[in-house]
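Take a look at this one chain, the form predicted on its own, written out in structure tokens.
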Amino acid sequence: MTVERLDDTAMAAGTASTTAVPRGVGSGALVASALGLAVRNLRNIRRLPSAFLPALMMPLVQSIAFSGTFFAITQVPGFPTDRSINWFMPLAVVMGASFAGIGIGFSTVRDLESGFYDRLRMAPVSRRALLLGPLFGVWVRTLILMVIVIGTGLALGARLTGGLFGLAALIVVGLGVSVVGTGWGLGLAYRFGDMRASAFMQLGLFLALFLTSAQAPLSIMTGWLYYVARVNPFTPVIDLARIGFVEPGTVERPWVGLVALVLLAAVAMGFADRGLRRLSR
């Protein structure tokens, strides 16, 4: 047994003791247990930076590389902004938030393989704590990511055209998409129980987000991608994320993106809940 595994075992014992609260205690115990799991998840940033840094570096590299490589896209007639960083930085935030969510799936697979998750499931607390705890941790990770990526984008010349409302919309979308990523990652982790799930976690979200208006507005898209992006529920979500960085009036029905985000989050967490029930059987 390696030193890392010994350290992980000791930490697991400490976490199990903090989450084992008396059976029958109400919502206070649920929140306390969820917060204990969230703190453990955040500690893993220091213990396992390799599980967090890629989710941070990917949106930074993406926003810089895409806005530099495709800067001429702003010359296309009808393009909704004259700055490429305004178009690609919100996309990078959404991608980073989604991968922060599926990072929880990776951590859960690790706990399943080590046997630690069995101890969590035997703790006398509500099963919902196993879903809420990781979710709380993901929200903190996503906020850290958004501060860094948005700050970098503004430093590179991004212009906030929608004021505080536009910034709030991007933050809401980032947090919402992290819920989608968390539910998707946890659901697959519960069903596979090993690292086979990782490929489906990444590929599924990657395709779902890029088969949208990620690279160009629907108004200038052609071919099969236009029809796929038009019905993809992530398209209005990404549009909502960009509402504060494009010309006013570009996003005509922002409420559609909000409704799509809520539905996607509900479906993803329902997928995770069913997977946890299946795991318990």
Partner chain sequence: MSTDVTSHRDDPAMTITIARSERRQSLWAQTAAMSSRSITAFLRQPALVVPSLVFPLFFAALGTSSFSQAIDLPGFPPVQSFLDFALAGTIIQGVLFGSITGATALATDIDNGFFDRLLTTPTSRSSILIGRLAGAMAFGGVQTIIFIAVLLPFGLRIQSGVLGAAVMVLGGVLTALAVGALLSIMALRTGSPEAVQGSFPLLFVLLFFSSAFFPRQTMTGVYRRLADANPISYLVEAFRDLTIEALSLGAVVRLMVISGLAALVTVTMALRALNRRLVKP
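Residue numbers count along the first chain shown, from 1. Quick caveat, the model's predicted, so the values are computed rather than measured.
The same protein also has a form predicted together with its partner chain, omitted here; what follows describes it.
Contact with its partner chain in the model of the complex, defined as any heavy atom within 4.5 Å, is confined among 31 to 39, 216 to 224, 252 to 260, 239 to 247 to 216 to 224. Remark: F165 does not count among the residues lining its partner chain in the model of the complex, judged by a heavy atom distance of 4.5 Å or less. Put simply, G68 is close to its partner chain in the model of the complex: some heavy atom of it is within 4.5 Å. Its partner chain in the model of the complex comes within 4.5 Å of no heavy atom belonging to F192. Among residues of the shown chain, M58 is one whose heavy atoms approach its partner chain to within 4.5 Å in the model of the complex. Only one of the listed residues (L154, M122, V147, L203) places a non-hydrogen atom within 4.5 angstroms of its partner chain in the model of the complex, and that residue is L203.
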